[in-house]
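Have a look below at one chain only, the form predicted on its own, in structure tokens format.
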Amino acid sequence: MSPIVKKVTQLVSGIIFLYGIYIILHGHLTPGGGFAGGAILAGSFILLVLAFGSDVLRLRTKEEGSSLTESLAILAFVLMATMAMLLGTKIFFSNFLPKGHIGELISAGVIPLYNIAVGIEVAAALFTIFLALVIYKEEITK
């Protein structure tokens, strides 16, 4: 790719990444949430791989890293869900954080934390799938 495409991709992928973070963090106030924001985050990483090529990133280690990130996000999600039971509410996925005022960013208890965990998991899963397909294509062409 040309230097112009690479520079524009750097700028655009940063904006796309920030938009994905916004969608994840405001998922309890607006349409969106963990899945939609995670898909947007994965799109920003995929755009970088497409612009800069797979040789620069050493994809085998990146695929293992994204798989580990995906597993850790699922573990965090399950730990938050069971934490409610351990704190005395005796209900799986129960809210154990204080609620704020309606319409504020911190107004939904544990829902934003669940959105963050789901967003990280979805972004890592989609990016892992993309990297696996790129690695498979490279091995076929060799």
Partner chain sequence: MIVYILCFILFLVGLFGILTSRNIIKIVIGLSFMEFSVYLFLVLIGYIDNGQAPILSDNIAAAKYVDPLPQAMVLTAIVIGLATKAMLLTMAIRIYKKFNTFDIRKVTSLKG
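Residue numbers count along the first chain shown, from 1. Note that the structure is a prediction, hence the values are computed from the model and not measured.
Missing here is the form predicted in complex with its partner chain; even so, the following discussion is about that form.
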property	result
Non-hydrogen atom contact I140 with its partner chain in the predicted complex at 4.5 angstroms	yes
Contact label in the predicted complex: V12 to its partner chain, heavy atom within 4.5 Å	no
Heavy atom of L18 within 4.5 Å of its partner chain in the predicted complex	no
Exercise: L25 in contact with its partner chain in the predicted complex, heavy atom 4.5 Å	no
Non-hydrogen atom within 4.5 angstroms of its partner chain in the predicted complex for each of I4, F45 and V49	no
Heavy atom contacts to its partner chain in the predicted complex at 4.5 Å, residues of 17-42 in sequence order	F35
